[in-house]
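Only one chain comes next, encoded as structure tokens, the form predicted alone.
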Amino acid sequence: MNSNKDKSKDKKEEEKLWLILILSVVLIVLIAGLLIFYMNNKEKEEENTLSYTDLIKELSYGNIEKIEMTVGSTTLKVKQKDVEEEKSAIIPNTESFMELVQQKVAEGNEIELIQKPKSLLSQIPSFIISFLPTAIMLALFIMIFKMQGLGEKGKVYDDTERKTKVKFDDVAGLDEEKEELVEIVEFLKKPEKFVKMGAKIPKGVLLYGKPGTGKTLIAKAIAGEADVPFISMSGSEFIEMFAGLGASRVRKLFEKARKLAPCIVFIDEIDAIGSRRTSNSGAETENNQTLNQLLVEMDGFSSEETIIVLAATNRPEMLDKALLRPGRFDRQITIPTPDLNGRLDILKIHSKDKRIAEDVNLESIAEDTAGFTGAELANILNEAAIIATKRKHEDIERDDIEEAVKKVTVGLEKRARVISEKDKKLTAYHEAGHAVVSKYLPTQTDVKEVSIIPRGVAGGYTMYKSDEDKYYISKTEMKEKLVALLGGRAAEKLVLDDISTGASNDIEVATQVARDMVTKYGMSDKLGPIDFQGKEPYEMQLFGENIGDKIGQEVKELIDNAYEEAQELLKEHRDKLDKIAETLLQKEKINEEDFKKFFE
């Protein structure tokens, strides 16, 4: 509900900005239109204008019978004898001209002189011309003011809306992390208890982990449990095009926090302003100033001010070391992807408001989604609900969830795509190659489904069961992973005596795995357990002049050996490869049970 209110506020602000922009444009267009209209009229008037010299001549000849002028204006209308149209004339000096007219009247010339008061309408063009630059500058200033957001920043959930309703019960899969964060709640609820013992309240807690693991959610849960105000702001909101605005926003944010203390300040994606400081040039100067101000503000808390800064990032390695020292972010908590029990708890929470069929086993889904984050699991159930609605099911069935998993992980199924028989055969043998090779590799997981129906950018796919959480991967497993990845390319070469671009993604992944084995995990027999990844050129020279060549040779050797092993396995089990490919050409899809029958 709070997020909806924030969104509606943001929407109103955006609508106000657009309204100002539209009104500014309309105003400028109207002013331009009036000016054009005025100039056109002026041009027409110039065509029917009598010069001052001719006017004096006509007066001296007695040919002027009527003069009409406006007070304060040097432009007048003149009616000549025997001429129907009135003409306009501009006089340089009103007083001297009036003396000349009076003299002509005294000499006996009949001249009708009409003097009109100054009208407001006649002053509009000159007023518009003088006001136009001011109006444009004012419109630009309002636009910049709104775009830069010089006003209050940071979404605050106050007594009516600031105290979040999220509790620890709403956060699943992070039991150990919640236990550590319970202390933060205690600090906020009863700070005096810790102060009495001589303990200092933590100033900051850094939450880091993969996107979608629940960093923002757990931050809201801390505020909800402690029942204190929660000020939320994104790191990117501090960054502006004008120097000094980022630092100004940091000051305003902490001024607001001091007024609301005890409270929580949450900065999402802190790496946007907290990355390592570099040379003071260009845009980096602004980022450095913003970070320096944040460091100063976090140091400026007094013991009486119960303000805790929570920050979230996906890239902790990017942060400046000054942010991570004790006294700033005292605690750094990793938010991991959930394990089996965590995934089950997350699925239970997100299935509460959905109609799940009785035969759906959430434990089985949790087993099949190893490595998925909480956000991905929520997305799968939401996609399953959409699929079930489209299929006109009364409840969300197991098939709907499985289709949702495929849609999220592989992509949308494209049955309407027309594929030639040659491409179908190539895809069938490619996917059969992956499946057969994986079957005979002990460390690889069981095949769940093989399909030659295009999904996303893939022409076909081979899905594997992931029924366990792995925290470490052995060298043997990584080598066999390479063999499985190259099984598709090996099958193409073996059966069709040709290769295609269909294996491009397999090769990309295999090359990355082989490179990591050599440079990151130290799994090279020749180079030994050394970390080469991310080293500068001068650091690489410590290992020898041709170390780059040696690394490349090791990576190539791993890929070549895996490719040869894949080919040998397929030659040995060519009958299985042909049968599975033929079945794929007929049925387009093979499930886990049917796949196992080929090997019984």
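Residue numbers run from 1 along the displayed sequence. None of these values were measured; they are calculated from a predicted model. Rigid core (definition): largest C-alpha set, two forms, superposition within 1.5 Å.
Below, we refer to the form predicted in complex with adenosine-5'-diphosphate, which is not included among the displayed structures.
Chemist: When adenosine-5'-diphosphate is placed as it is in the model of the complex, which of 472 to 480, 96 to 104, 374 to 382, 321 to 329 ends up with heavy atoms within 4.5 Å of it?
Modeler: In short, 374 to 382.
Chemist: Heavy atom to heavy atom, is Arg489 within 4.5 Å of adenosine-5'-diphosphate in the model of the complex?
Modeler: No - in the model of the complex, heavy atoms of Arg489 and adenosine-5'-diphosphate never come within 4.5 Å of each other.
Chemist: With the partner left out here, check for me: in the model of the complex, does some heavy atom of Gly214 sit within 4.5 Å of adenosine-5'-diphosphate?
Modeler: Within the cut-off, so yes.
Chemist: In the model of the complex, is there a heavy atom of adenosine-5'-diphosphate that lies within 4.5 Å of any heavy atom of Leu76, even though the partner is absent here?
Modeler: Result no; Leu76 lies far from adenosine-5'-diphosphate in the model of the complex.
Chemist: So in the model of the complex, does any heavy atom of Ile270 sit within 4.5 Å of adenosine-5'-diphosphate?
Modeler: Residue-level check for Ile270: no, no contact with adenosine-5'-diphosphate.
Chemist: Exactly one residue in Ile346, Ala223, Ala435, Leu485 has a non-hydrogen atom within 4.5 Å of adenosine-5'-diphosphate in the model of the complex; which is it?
Modeler: By the 4.5 Å heavy-atom cutoff, the listed residue in contact is Ile346.
Chemist: Sort through Ile264, Leu174, Ala311, Val450 and report the residue having a heavy atom within 4.5 Å of adenosine-5'-diphosphate in the model of the complex.
Modeler: Spelling it out, the residue with a heavy atom inside the cut-off is Leu174.
Chemist: Any chance the CA of Asn314 moves 2 angstroms or more between this form and the one not shown, core superposed?
Modeler: Shift of 2 Å or more: yes.
Chemist: With the core lined up, does the C-alpha of Phe230 move 2 Å or more between this form and the one not shown?
Modeler: Yes.
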